[in-house]
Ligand SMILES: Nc1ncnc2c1ncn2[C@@H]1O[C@H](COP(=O)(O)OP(=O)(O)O)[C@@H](O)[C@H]1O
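Let's start with one chain on its own, the form predicted alone, as structure tokens.
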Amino acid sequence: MSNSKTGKPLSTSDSVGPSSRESVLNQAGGVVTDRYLVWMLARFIRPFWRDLLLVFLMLIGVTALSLLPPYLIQRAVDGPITAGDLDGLVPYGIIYFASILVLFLLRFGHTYLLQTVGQNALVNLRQALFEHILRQDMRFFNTTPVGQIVARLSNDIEALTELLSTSIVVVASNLVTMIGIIAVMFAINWQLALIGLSVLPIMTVLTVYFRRRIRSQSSLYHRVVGEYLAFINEQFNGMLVVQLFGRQQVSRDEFEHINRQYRDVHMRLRDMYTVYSSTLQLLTTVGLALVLYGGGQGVLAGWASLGMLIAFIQYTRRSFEPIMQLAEQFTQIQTALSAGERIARMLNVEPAIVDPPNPVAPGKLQQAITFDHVTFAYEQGHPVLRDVTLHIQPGQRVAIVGATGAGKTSLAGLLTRFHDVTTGSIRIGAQDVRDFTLAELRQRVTVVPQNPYCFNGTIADNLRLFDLSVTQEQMTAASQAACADRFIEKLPGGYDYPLLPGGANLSQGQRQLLALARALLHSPDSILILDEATSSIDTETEALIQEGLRTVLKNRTSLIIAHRLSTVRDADRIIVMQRGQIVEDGDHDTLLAQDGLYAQLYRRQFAQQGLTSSVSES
């Protein structure tokens, strides 16, 4: 990632550095506090400190010029107007209008510059969050609903956008202005200043009171939004099941419940803001009334002039304006801080599967695989693999079969380090897989999954994976080797045929052939794992895949995970698994002769196809 302004690299660690982050979180008692959120945002804003310095200087100018008009009015009333000198008003009028013009230019400048800084900072934050999510392991994606991830990158970032582009401009300028006004009020007349600002402590207490409640309600609101997005995503992705089983009414009822919850939370948030804003308006009126009464008494008593009273009425009104504008931004600020809190928590989630501190240097690919007393559990105390020991020679084609839940796919996930072993080790050649970087390991081991995914784009885009350095000749060669060229050439436009999301306009078998060609294109010499690659396809497409595999798997170490035993009869070895352990190991004929679990599975599958006789002939 690069800094959007300077072009310099800005890594996730730059934005949320471990040592600083731990320090702040420890001081916060492990809780994501407002102080931590400010620190987090400051890390992204810091590259633009020169612009911020200019904004600060402009804010000082805005504050000074904002204080000037009431002072000019005081001087004009107590001077030329009281003396009846109309000509003496001309200089005051010229200065007044000139200050208004310069004030407009400064406000425009600091607002524009601060919004630009905010947007550039959010570019870096959005990029850092996306890259942070990309680094997560499969456990994160298996346990985090997609709706939550989408909400962090969309709704929550949008809330911070409003904070940095609008709210922070209002808050920063008004706070500086309010401090300047209070200082001038005390400098002119401390008695009137105390009268005019007497309601400020009450406003402060109310702000603290409502802040906690609005913040809590904002967090609940965004939690409901996340549930809403997750529900919509789930329903539309599962629409086939919804309609097939007539579940529309159940879906309507569930949506109505979430929809009403959405409305109720939003209404409570609105009610809190309305009460808070109305109370501040009432206190503002009371404050002005106190100034008018107390200042009038002062004019009559002689310790204040008429011009001073008029100026203080304006100063008092202006001192309340920042608080009123803050009230208008209050809900947005609390919503943004809630969003920032959720983003901070996601940025603090570290993947369990990471590159080693001292990875081995890339070398010549060795294709021997060893599982050495491997035990693995997704949840502690519930192992899915139990003391598995297996050695695969270079170039061997090994099939892994067994009932659902036997641990077949877990072996593939461990070899590619989507998960790490609980005990034992896995080696490629003589090297533990945990000694490779993840990128290097996954260059050495390629998986063709059971349900391959296709991205928006053309057939060529999905083969290249948007790598423009891949040539048409390379794509064609990989497609021919995988026998995918036969269906690609029949499509309108061939390799330029556009795919729908997920490859919805291709069949399951066509997506499998495309995935196989993609694996060959990007990792031509790697160990190949086929995870149930023919479990959901027709016999014609299966024959195509088998034809492609005869070329692809020649002299290549490969693991073929399968339920359909017809696809593994030609394997060099067949590993039979049961309840997380290897129970049989041999080729097809040897395992049939043993008349064990493999033979039972084989008879059970082929009896329905009238192939029982072939078992005895084998």
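Owing to the predicted nature of the structure, the values given are computational and were not obtained by experimental measurement. A residue's number is simply how far along the shown sequence it sits, counting from 1.
The same protein also exists as the form predicted in complex with the named molecule; that form is not shown, yet it is the one meant from here on.
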Position in contact with the named molecule when the complex is considered in the model of the complex, options 118, 340, 298, 407, heavy atoms within 4.5 Å: 407
One residue of 439, 98, 403, 349 in contact with the named molecule, assessed in the model of the complex (non-hydrogen atom, 4.5 angstroms): 403
Segment that reaches the named molecule in the model of the complex - one of 363-371, 74-82, 379-387, 220-228, heavy atoms within 4.5 Å: 379-387
Non-hydrogen atom contact residue 142 with the named molecule in the model of the complex at 4.5 angstroms: yes
Residues within stretch 473-489 having a non-hydrogen atom within 4.5 Å of the named molecule in the model of the complex: none
